[in-house]
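What follows is one chain in structure tokens, specifically the form predicted alone.
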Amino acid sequence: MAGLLKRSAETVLDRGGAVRGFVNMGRDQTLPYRMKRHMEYHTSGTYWLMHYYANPKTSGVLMSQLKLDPRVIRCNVVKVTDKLNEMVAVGETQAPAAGDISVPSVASLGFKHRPVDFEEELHFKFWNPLHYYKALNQHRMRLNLPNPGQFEMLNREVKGTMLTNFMFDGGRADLAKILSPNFQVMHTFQLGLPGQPSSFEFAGVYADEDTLMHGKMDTDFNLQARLNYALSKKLQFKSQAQLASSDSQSMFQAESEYTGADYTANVKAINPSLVDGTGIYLASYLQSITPKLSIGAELLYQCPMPKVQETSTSFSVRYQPSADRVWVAQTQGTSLLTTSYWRKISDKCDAGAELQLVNIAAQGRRDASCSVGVKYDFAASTIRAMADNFGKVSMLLEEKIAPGFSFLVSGELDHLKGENKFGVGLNIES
């Protein structure tokens, strides 16, 4: 209610009017009859009165805003008098003298002044498309919707619970050295399995408020680099590059992301060629519809070779009824549907499930997969476990032995294929 009253007062003050005060005429009062407003029925409401000075045009703008506000059931403007010195405020017995009337300023009431063009502030007209656009933006501002995040991170909670991004096999050691608050280096040793040689990677990371730079190189001289730079608080530029001994594994990716108050827009180009126009291009948009619901779409255009073009459209829905549960559904063209559910069972335990349906008519492929995972945080350790419908069971244990020192054990059993994997790792940070 405070935000509604403040916005109403700003509408009057910004147009040269004055507000004498507010009167609360009762909270949760029973309405004379059941009223319908904004597709909902109401039987009770809060009555309030604002006493103000303004011209007729300002009153018209105020009424238009109140009628579009979903919090307002009914509103009305009553003209008291034509002369300022004849107006009697609520609680007064006689009108004040003209010399005694003091009009409060915008600053004295704590409101921020916004210059307004009176020629542009017209009444809403159904034939003017600009008025629909302005009304939609005003409605979005009133809802105060949150930013939905990135399109590719819609099911981030499930990814943090499942083992897909954490599983490893063989022996592994990660050594990190923090050289400054903004810069650190990392060494990764991977012991080879039968048929796979051992490897070593060296990586460096620099990060500050606006810039993130990350690069790493392995023993085969494969180089990977990433750069994120914030051009402003809302606009960010990102790029990734990979140079490998094989040209088919080398790639370059550039993207730009704009983060609005209640939406996120992203454009991306992978291996773009200005000569023959080949490459992969993506554009995504994610919009919050309500504080709990957000929807998005992604358009993919790829040209693997000249005169060969393909396009596909993906849609997504994210529904978060509360802070401890999330539903997500995503499509990739007409061939793939992915749904997921995440639930925080307690402060230490959360679980997730993911269902994926594949239908590729050209390949005669039609199958489905389901995975269920759980994560439990102990005082000094974390356990992740996952199982799917193909008979694969996996688990990961991360034990924090001391600050900056962790011991990891992972294992995977594939009952259908009769295969198993086992891994031991160390994480040391200094």
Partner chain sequence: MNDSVKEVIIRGTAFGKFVLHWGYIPLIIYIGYKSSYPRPPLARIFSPMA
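Superpose the two forms; the largest set of C-alphas matching within 1.5 Å is the rigid core. In this text the structure is predicted, and so the values were computed from the model without any measurement. Positions refer to the first chain, counted from 1.
The next section is about a form of this same protein that is not shown, the form predicted in complex with the partner chain.
Using a 4.5 Å heavy atom cutoff, K177, Y206 and L227 all lie near the partner chain in the predicted bound form. Looking at F221, you'd find a heavy atom of it within 4.5 angstroms of the partner chain in the predicted bound form. With a 4.5 Å cutoff on heavy atoms, T311 does not count as touching the partner chain in the predicted bound form; it lies far away. In the predicted bound form, none of the heavy atoms of R142 sits within 4.5 Å of a heavy atom of the partner chain. Using a 4.5 Å cutoff between non-hydrogen atoms, F183 counts as a contact of the partner chain in the predicted bound form.
In short, of 317-325, 349-357, 158-166, 269-277 it is 269-277 that has heavy atoms within 4.5 Å of the partner chain in the predicted bound form.
Contact annotation: of the candidates F237, F189, Y263, Y281, the single residue with a non-hydrogen atom within 4.5 angstroms of the partner chain in the predicted bound form is F189. Distance criterion of 4.5 Å from any heavy atom to the partner chain in the predicted bound form singles out H214 from the list R74, R343, K292, H214. Positional change of R15 between the shown form and the other one reaches 2 Å or more at the C-alpha, relative to the superposed core.
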